[in-house]
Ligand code: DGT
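Read the single chain below, which is given as structure tokens and is the form predicted alone.
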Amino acid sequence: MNREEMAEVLEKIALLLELKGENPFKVRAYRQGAEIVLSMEEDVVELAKNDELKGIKGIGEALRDKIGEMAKTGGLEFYDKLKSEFPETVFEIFEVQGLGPKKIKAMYDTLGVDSLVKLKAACEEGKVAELPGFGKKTQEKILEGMAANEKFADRFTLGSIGALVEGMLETLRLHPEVFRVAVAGSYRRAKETVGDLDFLVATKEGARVCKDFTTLPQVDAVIVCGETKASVRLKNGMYCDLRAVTNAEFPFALQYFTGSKEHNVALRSLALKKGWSLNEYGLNPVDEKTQRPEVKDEKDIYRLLGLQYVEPELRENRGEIEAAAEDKLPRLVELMNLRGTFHNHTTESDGRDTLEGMVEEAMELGLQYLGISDHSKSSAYAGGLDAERLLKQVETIRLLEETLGGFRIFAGSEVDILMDGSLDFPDEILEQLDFTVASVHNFGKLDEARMTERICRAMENEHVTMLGHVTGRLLLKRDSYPVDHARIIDCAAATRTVIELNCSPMRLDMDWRWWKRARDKGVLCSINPDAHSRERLHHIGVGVRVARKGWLRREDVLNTRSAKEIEAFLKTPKGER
């Protein structure tokens, strides 16, 4: 059991104890224990195994014994017994928007509500409205919350909500009472999927701004509207909060509501060691005699803690704080660094726009080059090209390129990796292309070892420039096929094969969690939109955000190079790159 799993168990114990009506101090002790477990710099699992937790503030003897039991056995008898008093479905109720432990406890004690099924039935029968402190309006809101959960997906892909977020930000910026505005949360951290949105405004008129926020055209229903916070459900089913703070509080609120829970816990722990108390409202000295520092923006917070500024995408407690303390954070890649992109489709296979249309859009974006890689023949469902059609397309590309005044079109193919790891075209065809993207499109149910072997064999081919969408995942729709990421990265490093960051919003594949390892192994990334239309070329912006989340620098990304540099790279044999 790792520290995250330990913390989750402690959090669930706190919830169940609340349902039982246990002493609030006992409940708070478990919640505090979960936070401490996540924030400890030392390996809490190893310390617990060796009975070395004594003396850690906030962890008493009873909690120490339970953490030790989890570390040594992988389980906790106390938690198992506590869970046995409730059906597993009780945790479902905590997912209903607007329901807190007190209301859930009241329904559990009085009506025996311990699942979503029973909650819905109690509401439909009017029993919830009869409870003290509830009423008909509360009952209706519970039913609305449940219906929304059933109707709408609880997560949205990062790339699918960009226009929505920017539109809401722009409206908030125009408000006469707003000094500063930002989006925070997992969206600002560039997580591949986002559950809800968090907006922040600096204002002196919080109540007015909150009320106006609830009238935005994107809003479908108002959940809460107060003087400093408004919660709404948007028309796409997404939940969204606006928090209104003072101008002085804004940097602290932005930092707090941006960082992951683990990042924030670690940062607060560091602050305490330096004699400061950090929260969403300010950075205050523990010693009252110490003067409060001036903080104008987030950078000041990190600076006062002795850290490099940590870019929002990195705030996941995956080594960024340690690197920042040593001034070793990378300068992350930026959208303006991109000079071109690869892996794009036209009407020759399953694209919606012609070669000319795709090139025109790329030029409008200010790119220097575009790689065309329509599907190969095995992807018959996508209108894949056979060898004859492919070579004819190459000829068409060469002729078009001559009319473009220096804009480069690199002729390639997205070649299927067959089940045994061989490729859909023979070498004598591939060697006539500028580049090749090798991708898996079928036989996705192979076990991890066979799938990994299949992909590695393909990368060993000297004509394979880059590996396409490593896991084949479709976010919120289809799970990845099993692959050994570490071995694939090692193979890419050994064969000098580029791995793409497929920035189609439904893919964002290879996953950001693996890019730092790839970077450290010397594997180049190519940020590719897998564009099947002109509009989808714009997804390179999402790709850059995910690349930044993966700790990638300009020099780690192939398509930050100029057209001439790319031409030289593609002409160089793989083993010499």
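Predicted model only: the values in this text are computed from it and were never measured. Each residue number is its position in the shown sequence, starting from 1.
Just so you know, the form predicted together with this ligand exists too; it's not on screen, but the next bit is about it.
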Within 4.5 Å of this ligand in the predicted bound form, all of T465, A531 and R534 (non-hydrogen atom): no
Partner proximity in the predicted bound form: R268 to this ligand, non-hydrogen atom cutoff 4.5 Å: yes
is_contact(D198, this ligand) in the predicted bound form, heavy atom dist at most 4.5 Å: yes
This ligand contact at S504 in the predicted bound form, heavy atom, 4.5 Å: no
Contact of Y481 with this ligand in the predicted bound form (heavy atom, 4.5 Å): no
Segment that reaches this ligand in the predicted bound form - one of 420-428, 253-261, 368-376, 469-477, heavy atoms within 4.5 Å: 253-261
Residue (of G185, G159, G384, G412) lying close to this ligand in the predicted bound form, criterion heavy atoms within 4.5 Å: G185
The single option of V194, V440, V245, M459 touching this ligand in the predicted bound form, heavy atom within 4.5 Å: V194
